[in-house]
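Just one chain follows, in the form predicted on its own, and it is written as structure tokens.
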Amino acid sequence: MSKTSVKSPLIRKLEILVRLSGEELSWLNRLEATTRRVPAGTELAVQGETFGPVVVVRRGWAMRFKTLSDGRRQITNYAIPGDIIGLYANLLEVADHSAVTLTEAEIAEFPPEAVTDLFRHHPKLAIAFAWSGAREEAVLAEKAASLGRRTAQERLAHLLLELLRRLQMVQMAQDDRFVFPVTQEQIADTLGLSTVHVNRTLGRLRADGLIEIDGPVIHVRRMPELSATADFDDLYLYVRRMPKGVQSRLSS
């Protein structure tokens, strides 16, 4: 099987929503044709600066974050394989957040104008891309609920379950195990906690038998109990097909 015939994580993610035609798959493969490997610490977007090309993460992890004037950092989300950075670069132009790779990564890059062409020529794909953007907004809304109302244990449990579910969607998790290449300091900057509090909370989840940690690998051992702890419901991740009414309007 050729490299281009293997479904990329982006295609796997979009196919959750809609069945893609051969033409649409070919267009996506062309969109991801220009790839490069980058080391950890590579800037993909810089807060306050003009966006460069749109980036698709194909392998590895990146993080999105906001930095305050005094250097304090809030990590807003993690970009995993299949995620897009700068999707609305042709509309917003200037990045309102930064993004940097956490690990060595493979990325695909394409000009922002390609998104405009997408909406003009491939409406079904355009809706799938809009769905991906809407899911990012939903993740941020859920993060706001965590920071405002959930306890430390609930926040951490919710984050782990969210990442596991997202990785499962693009076939990047092994059953209930996944590689979590994130330091305790970075977890702290994600959840609004101190590193000491993160360490204690991880220890509590392990002691309760809810998770196991083996180096960078997280194993969710008791999914129902961990979900109950976090009050986790993956509804906000929109793991479902496009409504039939929308599909019929697109095909009419």
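Just count from 1 along the sequence shown to find any residue number. This is a predicted model, so every value here is computed, not measured.
What comes next is about the form predicted together with the DNA, which is not displayed.
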| property | result |
| --- | --- |
| Selected contact from 152, 102, 172, 139, since only one has a non-hydrogen atom within 4.5 angstroms of the DNA in the predicted complex | 152 |
| The DNA: the contacting residue among 217, 40, 223, 196 in the predicted complex [heavy atom, 4.5 Å] | 196 |
| Listed range touching the DNA, judged in the predicted complex by heavy atoms within 4.5 Å, from 23-31, 57-65, 184-192, 44-52 | 184-192 |
| The DNA contact in the predicted complex: residue 36, any heavy atom under 4.5 Å | no |
| Members of 62-86 lying within 4.5 angstroms of the DNA, judged by heavy atom, in the predicted complex | none |
